[in-house]
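Here you get one chain, nothing else, as structure tokens; it is the form predicted alone.
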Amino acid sequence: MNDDKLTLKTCEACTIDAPLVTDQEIIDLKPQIPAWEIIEIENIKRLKCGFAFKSYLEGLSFVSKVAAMAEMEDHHPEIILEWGKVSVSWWSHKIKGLHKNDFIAAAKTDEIYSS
């Protein structure tokens, strides 16, 4: 299973003709990111998760770490920072939906939160 562990993978360059993940791929990948929900906004599926913090500065520190990971992966989320809470949403803008990159980035976001 280690070969399939999302946190060990890196995001690939996503082109406009890259395939969306299939329903079966979602079923296979989702158990690795159980806290994330799949939402749809303007007919575009996205992964979204909220993270709790004891202070605004703890949330800000988490945002900085996620931003650094996003830069390394060259894949960037929507991040909303509030007092005690950070919401992160991943989707692939070019293909208007979910790509395996989004699951990789979500798993790495969870890893950052857990560390």
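Start at 1 with the first residue shown and count on from there. The shown structure was predicted, so the numbers you read here are calculated from the model rather than taken from an experiment.
Quick note: we don't show the form predicted together with another copy of the chain, though the next part is all about it.
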Using the partner position in the model of the complex, report whether Leu57 sits within 4.5 Å of another copy of the chain, counting heavy atoms only.
-> yes
Decide whether Glu82 counts as a contact residue for another copy of the chain in the model of the complex under a heavy atom distance cut-off of 4.5 Å.
-> yes
Taking heavy atoms and a 4.5 Å cut-off, does Ser64 contact another copy of the chain in the model of the complex?
-> yes
Is Glu71 close enough to touch another copy of the chain in the model of the complex, meaning at least one heavy atom pair within 4.5 Å?
-> yes
